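Let's start with one chain on its own, the form predicted on its own, as structure tokens.
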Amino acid sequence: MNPRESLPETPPIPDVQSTVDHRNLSIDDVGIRSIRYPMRVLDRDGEPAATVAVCNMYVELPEHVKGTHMSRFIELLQIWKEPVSVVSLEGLVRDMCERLLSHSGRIEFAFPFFRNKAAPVSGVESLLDYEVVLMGELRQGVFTRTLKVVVPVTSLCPCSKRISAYGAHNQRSHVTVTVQAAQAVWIDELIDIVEGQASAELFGILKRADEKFVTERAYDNPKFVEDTVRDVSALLEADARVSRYVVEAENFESIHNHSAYAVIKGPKHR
């Protein structure tokens, strides 16, 4: 006799989450937060780069269902092998909603994005990191993607340059750009826009000739926070792909104990 044939049958394990709830209150977002997970992110050239993301994943829960199946969020991360990008994010969100039997859901990935940059004179290469948040949301069949990038740059004060006999104070600045776009707007594109409008961009490694170049570049290109947000926003205003944007600039002042800050929310002229 097979030993297994003599064992009593195991009763089915109850699925408490799927039972009916009688409070008649739907839940807007339910899921998991702050899970670190390795992932690959595509740049605009289609090259995947490894990073570690902090993930938030939610779905809408109908009023009659008691709870969602939390393990299915992790299962989705485990089986999803395609690199994440502004293009593939929609498929991931729709897959999540289908697995969790929901019409609406949202995924947020926060991660460092690294670019290999060549110094302007010596050409020596080094990595620079940027903070990125990529969010995809599905609400009643309509998908929205939001991309947020924090770009560190150098800013030099126009007023200090004008009133000083020599020199001008400068500081590191963070320019944060958040866009919603009907078509793909790549992380690299937003970085290029911001760095192109700053007094000077940052590099991981600078030789003496590079340092001279960057210092003089900033001196020749002074910017208030007001100038920075206006210059970046003007380029986003002209980009037909961008439906909404927020541009923030914060200068961590070198001669004050406060920061200078400005923000523009657009579009303004469409």
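What you see is a predicted model, and the numbers here were worked out from it, not measured in a lab. Numbering starts at 1 and runs along the sequence shown.
The form predicted in complex with a further copy of the same chain exists for this protein as well; it is not shown, and the discussion that follows is about that form.
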inquiry  = Can you confirm whether 211, 215 and 227, the three residues that make up this candidate site, all sit within 4.5 Å of a further copy of the same chain in the predicted complex, judged by heavy atoms?
reply    = yes
ask   = Taking heavy atoms only, is residue 126 within 4.5 angstroms of a further copy of the same chain in the predicted complex?
value = yes
request  = Answer for residue 240 alone: is it within 4.5 Å of a further copy of the same chain in the predicted complex, judged on heavy atom distances?
outcome  = no
message = How about residue 133 - does it come within 4.5 Å of a further copy of the same chain in the predicted complex, if we only consider non-hydrogen atoms?
response = no
query = Do residue 171 and a further copy of the same chain come within 4.5 Å of each other in the predicted complex, heavy atoms counted?
reply = yes
ask   = Which of the residues spanning 188-222 lie within 4.5 Å of a further copy of the same chain in the predicted complex, based on heavy atoms?
value = 202, 203, 204, 205, 206, 207, 208, 209, 211, 212, 214, 215, 216, 219, 220
